[in-house]
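First come two forms of one protein chain, each written alone as structure tokens, so that there is a structure 1 and a structure 2.
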Structure 1
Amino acid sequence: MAKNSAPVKIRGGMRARRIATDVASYVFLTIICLVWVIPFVYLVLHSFRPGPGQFTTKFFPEAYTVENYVALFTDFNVLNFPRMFMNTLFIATCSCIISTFFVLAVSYSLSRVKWKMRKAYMNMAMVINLFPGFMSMMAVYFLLKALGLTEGDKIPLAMIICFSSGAGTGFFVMKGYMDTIPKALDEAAYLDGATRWQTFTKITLPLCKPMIVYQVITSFMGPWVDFVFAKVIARANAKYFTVSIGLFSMLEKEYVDTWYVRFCAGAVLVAIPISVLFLITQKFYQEAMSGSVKG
């Protein structure tokens, strides 16, 4: 009887340790979630606080109103938020399309095509990505200035070029995914008379939907939240400000007393396009993953 009770005690002890580990993990994850969520909740709550109002550590406002959201789209005396919003949306959308195409093209050529200097290019791209992007800020600006793209209506074009031209060096994740696709599929397509472009668009891209979704989101978020390059290129041309420049301007000394609560409202509005993009692309991501499992 004593011999049989020993394994039971061991199993009971292991089960107790497993439960304790699970509880500790859930408590830790809950704390991490609260750390991430609390600032966003504070931002949303104070976006409905009546203005003008300065920053306060008080978490819950005493009153709520939508006047801050209304003011962003009606008060243009200091900052034109709708124009900044549309500037950013246009630049981010164009940059997203161009960057995604560049990454797909470069990744396919490195994964499926054998060519001279291929390994050298990958090593060079890896070394370049080790340095922060803003290190090239002044060089990029003077190159754009030499091309006459830093003045007037050409400023949005300069930003698009700045955000998308170097996208080809960010091929590592996409190439790694393409390497997992059997090359026998490409060879079968060639035997059936398909061109390399048809193989790329009809075979490879449909199988890369999950990574395309990832690339679209990251390519859109970069220009949408960037401040450094946008500020350097736009400088003091308020007509071409992006939302990041506008939100930063709302916190400057001369505006913060009036625009802080509007800053909170603007920050909430800025999160909407990225959230919508994620919700739209999430469907394609799930469909692609379910299709790959069934196949």
Structure 2
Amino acid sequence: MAKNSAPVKIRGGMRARRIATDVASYVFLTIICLVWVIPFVYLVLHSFRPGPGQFTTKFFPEAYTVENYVALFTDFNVLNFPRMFMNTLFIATCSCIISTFFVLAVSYSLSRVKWKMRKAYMNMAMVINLFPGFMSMMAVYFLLKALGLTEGDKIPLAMIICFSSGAGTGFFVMKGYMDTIPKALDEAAYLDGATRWQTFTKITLPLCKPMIVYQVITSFMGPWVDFVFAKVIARANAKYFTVSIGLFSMLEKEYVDTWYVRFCAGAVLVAIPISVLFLITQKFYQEAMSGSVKG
């Protein structure tokens, strides 16, 4: 990359100018990075701040304590953070399995099998994706209610359905990736007498590994970060809150004064694993983008 834009040689007069631009660039980048990290620094600092209240007069707290973190795991009066965490873990695991299977199935069918309604299905998915997701949200809620899934311990099931049922339209990246796998591999397998199911499981899936990891983690993260759909379904049933609804409700008017610092603590606890997972997806995504079959 450096080769692309670096001049072949630096002539004398340009040297001073180059250094000046470099200094300016570094200053600019430092300022930019400061702007980008300030909210996170603020979040972390205030998660260690003693005492309730959502507003302070100082950017840096005067004292530090871990009691906000402790309170999250000991004070279950209003909101039970560990339970929300387990709820989310369960929902995320189930919906990630279902949606990964859906995405793989749809992508393979669209990429490898030529069937009559293939184009029609892809167009339909495109059109569906253009509708704002919230438009059908209330309708989905009514539908789940009619199916009796919005009461009591069926709420997690309803959430799993919500998070994974739309996976059939999210095939674009995966299909694009499968398209890059040479068809010759499949044909060679057919010649050896393999069925399509065998080529799917023995050839396509192993070659898609980086993309599958990417898909698994992305769909696993969905329930952790989405609060809109889950909130509509869980309504006031605090027992079935996911982490994001819980954190969101900590900032509601009646709780915010006591729960603000705990919100910061909880947000840090959620943000760390999510960020790590995100970095992993990036690694696999880049690996995937460098091509399916090398050499």
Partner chain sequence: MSNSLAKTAAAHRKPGKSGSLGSALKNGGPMVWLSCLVMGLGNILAGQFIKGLLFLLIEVAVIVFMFLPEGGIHWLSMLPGLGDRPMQEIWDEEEMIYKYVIGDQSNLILLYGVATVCILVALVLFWRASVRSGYQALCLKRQGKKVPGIVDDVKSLFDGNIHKLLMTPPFLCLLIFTVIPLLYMMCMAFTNYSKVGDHLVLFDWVGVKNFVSIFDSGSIIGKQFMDVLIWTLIWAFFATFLNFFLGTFLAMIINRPTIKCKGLWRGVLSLTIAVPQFVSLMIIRNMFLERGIVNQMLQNWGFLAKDATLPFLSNATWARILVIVVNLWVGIPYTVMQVTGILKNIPAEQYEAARIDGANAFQQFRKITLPYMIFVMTPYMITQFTGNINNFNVIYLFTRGDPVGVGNTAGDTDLLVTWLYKLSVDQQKYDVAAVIGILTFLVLSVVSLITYRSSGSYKNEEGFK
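This structure is a prediction, so every number in the text was calculated from the model and none was measured. All residue numbers here refer to structure 1's sequence, counted from 1. Only the largest set of C-alpha atoms that superpose within 1.5 Å between the two forms is called the rigid core.
In this pair, structure 1 matches the form predicted alone, whereas the other structure does not. Taking 2 Å as the criterion, V35 counts as shifted between structure 1 and structure 2: its C-alpha moves by at least this amount when the rigid core is aligned. Fitting the two forms on the rigid core leaves the C-alpha of K239 displaced by under 2 angstroms between structure 1 and structure 2. When the rigid core is fitted, V276 shows a C-alpha shift of 4.6 Å between structure 1 and structure 2.
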